[in-house]
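Coming up is one lone chain in structure tokens, specifically the form predicted alone.
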Amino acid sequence: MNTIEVKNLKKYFGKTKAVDDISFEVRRGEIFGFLGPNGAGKTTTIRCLLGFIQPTEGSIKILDHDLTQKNFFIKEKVGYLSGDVRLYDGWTGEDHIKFLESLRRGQKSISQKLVSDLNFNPKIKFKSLSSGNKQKLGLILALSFQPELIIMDEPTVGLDPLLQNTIYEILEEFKKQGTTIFMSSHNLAEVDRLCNRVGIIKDGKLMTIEGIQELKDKRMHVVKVYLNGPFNQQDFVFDSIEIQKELPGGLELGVRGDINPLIQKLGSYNVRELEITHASLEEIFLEFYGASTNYLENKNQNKSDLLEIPKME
């Protein structure tokens, strides 16, 4: 059963095709990663999923309901964390939590547990919080009522590694309880750890949807081989193998799929040292965009285009 069903979604701003005819499904109880560099269409897609903006074309179903027909009902079932948490400057964290609880009377809140788990001080005004503590408050508000669907844009940005691990544990516990999580992230290590599947978007187009292991299998190994004596580089240029760089007395090779043809080829050489590792998710991701991508340069520049909440002193 699916929690999210998107069919032929388009969102154009004038001549700009922010999202251009994408379709995907997110299964109930899975963590789905939505990847792409800045400007790829991630945040626009999220805004459409939340009903913040209306699609130019296409349909969206959330929890078996058409988003255009059951918008209010759906929002009661969804927790949301924006990529740039902006709340009321003059309110404390406690004020925000109490306000949310007043809107959800009768529903069980785990806000106090989250406050404790995240080591968050709820007595400080939002405008005085560090970026990391603003992120903590955003997480508390998104998760407090244990929603059926959580939509997160950069869930651990600004948090130290120890706190990131705490967030991962919380999200994994939500998943065990059947919650569906849709997350956009530039942190590929957390995507690798948390996600069941990922969708990769580029220039508004959905390039692929893959299981994490399936994605890794597209480029399974990085091989460093050091040889005794001279060798011919052309011996290592054949199907599924590419030379990535020259090494002193050897080569670094990228191997897709079956590694045995390379092992057989090495049998005709005197091998001094051999190192075989799996390619990282980041290396695989970059392959989809080519060597010229500016993804790594921009991955910490989290520029959200979400609507700004008016200030309230």
Partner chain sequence: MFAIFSRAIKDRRIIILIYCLAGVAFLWMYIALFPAFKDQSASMEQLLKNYPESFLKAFNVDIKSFTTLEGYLATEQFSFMWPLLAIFMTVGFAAASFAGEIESGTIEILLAQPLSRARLFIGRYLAGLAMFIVFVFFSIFAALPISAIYHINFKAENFVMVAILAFLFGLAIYSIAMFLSALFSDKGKVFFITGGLLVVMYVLNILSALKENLADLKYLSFFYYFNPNKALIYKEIDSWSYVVFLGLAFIFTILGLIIFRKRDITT
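Being a predicted model, the structure only gives us computed values, none of them experimental. Positions refer to the first chain, counted from 1.
Unshown form predicted in complex with its partner chain; subsequent notes refer to it.
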| query | finding |
| --- | --- |
| Among 23-31, 45-53, 254-262, 59-67, the region lying within 4.5 Å of its partner chain in the predicted bound form by heavy atom distance | 45-53 |
| Lys75, Phe99 and Arg104 all contacting its partner chain in the predicted bound form, non-hydrogen atom within 4.5 Å | yes |
| Partner proximity in the predicted bound form: Ser82 to its partner chain, non-hydrogen atom cutoff 4.5 Å | yes |
| Contact flag, Arg86 vs its partner chain in the predicted bound form, heavy atom cut 4.5 Å | yes |
| Contact of Trp91 with its partner chain in the predicted bound form (heavy atom, 4.5 Å) | yes |
| Heavy atom of Leu188 within 4.5 Å of its partner chain in the predicted bound form | no |
| Heavy atom within 4.5 Å of its partner chain in the predicted bound form - the one residue of Leu141, Ile200, Ile212, Ile167 that qualifies | Leu141 |
| Single option in Asp117, Glu242, Glu172, Asp95 placed near its partner chain in the predicted bound form, where near means a heavy atom within 4.5 Å | Asp95 |
| Residues of 154-193 having any heavy atom within 4.5 Å of its partner chain in the predicted bound form, listed in sequence order | none |
